[in-house]
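A single chain, nothing else alongside it, follows as structure tokens in the form predicted on its own.
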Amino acid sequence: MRKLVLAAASIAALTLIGPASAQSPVIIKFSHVVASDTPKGKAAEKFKELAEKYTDGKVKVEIYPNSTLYKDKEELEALQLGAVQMLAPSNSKFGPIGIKEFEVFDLPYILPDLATLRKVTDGPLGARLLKLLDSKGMTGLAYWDNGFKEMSANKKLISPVDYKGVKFRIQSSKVLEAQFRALGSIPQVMAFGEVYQALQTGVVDGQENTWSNIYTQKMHEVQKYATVTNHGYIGYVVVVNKKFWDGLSADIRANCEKAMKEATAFGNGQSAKENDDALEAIKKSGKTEIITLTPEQDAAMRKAMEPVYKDVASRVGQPLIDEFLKETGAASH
């Protein structure tokens, strides 16, 4: 039934949108699941501003934040059907639709810093991964940062043993499932917009996220402790419906690409600052105790998660993992 509803919506959308005419602008519906005052939210607003400016109003971008159009699981299906034109899903979202290679970004401690990440996403490896999206009816336009993930729960998380039996909310990713199982935790897939209530009511005990997501979703208000782990990365791939994108006139597409390039530089430049500011705001709130690990405690966490690489090699692809490790300079596994 859901597919039929989306199919009907896509027909309506394509009928209304179509190529640009002298009378009506091209409408790009850009849906995402986070708040407007996050790195992704601000980058989306910047793209809207620049795309409308560079096309002299021939393009109108409608931004739908906070899952107002579609929830996590519905987004990509809606895009493939043409009911929405643009999304910025996290890397994890592509595994369930058959592009498992993007789950390499979910491997714990594979990206030591943002400079190394840029080396991957701006290089041939990043471009090759984007090309994989063509087969699913979408075009990959850019990589957007959110930042590095921290752990939070209603108990102190210091050593691997502290994670045993803890119910953690995760995105739909086999790599993230393997990560928490390696720690003895119970992973539970859940839509981003449902996390606050699940933490508040005890459906789950903890979660992993960036400081900006934790703060803007008020998760810190329902989590007693947060541990600075920087164990994983949350990033997004900006994708557009391929049929829609290919159908744009060359000049409109070129101007949208220019807008996207500048919005990407803007958003990625904001990411680290947003997370730093969010951490300070969480500290000031006094609602969550921030735990910093010693070098020995950090090493114990890394060692506990090493088996994840072997567990998911057959899914993600060992050659891709090796290539990624070579690019990032991370320790071999």
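This one's a predicted model, so the numbers in the text were calculated from it and none came from an experiment. Numbers for residues come from their place in the sequence shown, where the first is 1.
There is also a form predicted together with a small molecule; it is not shown, and the following applies to it.
- This chain is drawn without the small molecule; in the predicted bound form, the residue among A43, V33, V61, V308 with a heavy atom within 4.5 Å of it is V33.
- Q171 is the sole member of S185, Q171, T227, N241 with a non-hydrogen atom lying within 4.5 angstroms of the small molecule in the predicted bound form.
- Using a 4.5 Å cut-off to the small molecule in the predicted bound form, each of D72, N146 and Y236 places a heavy atom inside that distance.
- At a distance threshold of 4.5 angstroms between non-hydrogen atoms, W245 is out of contact with the small molecule in the predicted bound form.
- Among residues of the shown chain, Q85 is not one whose heavy atoms approach the small molecule to within 4.5 Å in the predicted bound form.
- Taking non-hydrogen atoms only, K93 approaches the small molecule to within 4.5 angstroms in the predicted bound form.
- Within 4.5 Å of some heavy atom of the small molecule in the predicted bound form lies at least one heavy atom of F192.
- Only one segment in the set 48 to 56, 286 to 294, 300 to 308, 34 to 42 has any non-hydrogen atom within 4.5 angstroms of the small molecule in the predicted bound form, and it is 34 to 42.
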